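Let's start with one chain on its own, the form predicted on its own, as structure tokens.
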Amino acid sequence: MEIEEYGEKFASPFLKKALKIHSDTRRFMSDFLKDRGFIELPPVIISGVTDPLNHPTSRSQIEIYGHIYELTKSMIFHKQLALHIADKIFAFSPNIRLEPEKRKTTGRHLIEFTQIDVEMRNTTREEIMDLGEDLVIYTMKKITEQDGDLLSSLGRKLKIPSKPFKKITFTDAYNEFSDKFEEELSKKAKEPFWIIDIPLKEREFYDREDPKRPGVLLDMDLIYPEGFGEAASGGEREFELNQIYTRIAKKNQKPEQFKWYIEFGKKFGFPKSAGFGIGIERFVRFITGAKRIEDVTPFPKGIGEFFPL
């Protein structure tokens, strides 16, 4: 993106309205969680360990004082360990994910983005899904109340979803639409819905395998309607050390890759928990009806090109 393009972007009435909605979205999500007893964590930008993710991304590292740090891909490990401090936590976590260039055209991927990461101790997938539904509904209602005039000027009419959101198993979705199921189901849907019971091979080692159904994870993805795609991902977490070692091996990874996380867990234990992360820019894109995710943030970092600011 050239400097002249930034000038045109800033002159856009859409960005001014989207940024107000963006700001309010963060405020309402924070208010909702704090009112329910959640404690906000400061974000982690660099760490000795970060989310391995299940899909390919290029590694992003920096050397500081002779030590190698990873740029945060998500705060999943930090969320789990922070539950030793508080039972309910959240963070606005800036993430760096160097996605493959084939995702450049999706309209919903950035290499730098923020997600609200939520985690609760001693809870289940069903309970955390219920919380996620309430959070989305509350935020959408508050935006329509506070920023309804902006939405109208953007030609956007939000339909507030009703509870409970529809649930579709990964297997049923895949059998109907093959590997394009998320895109196809999102286009057809009128309200957000969940994809649940995700196969073990599709996710990371920290996602909990159902003890009663080997090979099935107690995971879920929230999908926006109208073709806007994935909203959130989460589930229950593995918390037994032996199972964590087993799952790491199944991913053809090594415990040394997660040394600091595992050493902490050995000494203090891993809390039993569940949680999710919601991408803020994606949520704002859905709320505003923006064509591309770059349109709802002033300094976007898209895939495959240089953004100097």
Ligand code: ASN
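From a predicted model like this one, the values you see are computed outputs, not experimental measurements. Numbering starts at 1 and follows the sequence shown.
Keep in mind the form predicted in complex with the named molecule is missing from the figure; the text below concerns it.
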Pick from 113 to 121, 148 to 156, 185 to 193, 165 to 173: which stretch has non-hydrogen atoms within 4.5 Å of the named molecule in the predicted bound form?
113 to 121
Taking 4.5 Å between heavy atoms as the contact cutoff, choose which of D210, E133, E99, E204 touches the named molecule in the predicted bound form.
E204
Which residue, F276, F258, F270, F283, has a heavy atom that falls within 4.5 Å of the named molecule in the predicted bound form?
F276
Please tell me whether any heavy atom belonging to G229 falls inside 4.5 Å of a heavy atom of the named molecule, as the geometry stands in the predicted bound form.
no
Does the 4.5 Å heavy atom contact test between A82 and the named molecule in the predicted bound form come out positive?
no
Answer yes if any heavy atom of S233 is within 4.5 Å of a heavy atom of the named molecule in the predicted bound form; otherwise answer no.
yes
With the partner left out here, check for me: in the predicted bound form, does some heavy atom of I128 sit within 4.5 Å of the named molecule?
no
Under the 4.5 Å heavy atom criterion, name the residues of 214 to 231 that approach the named molecule in the predicted bound form, in sequence order.
none
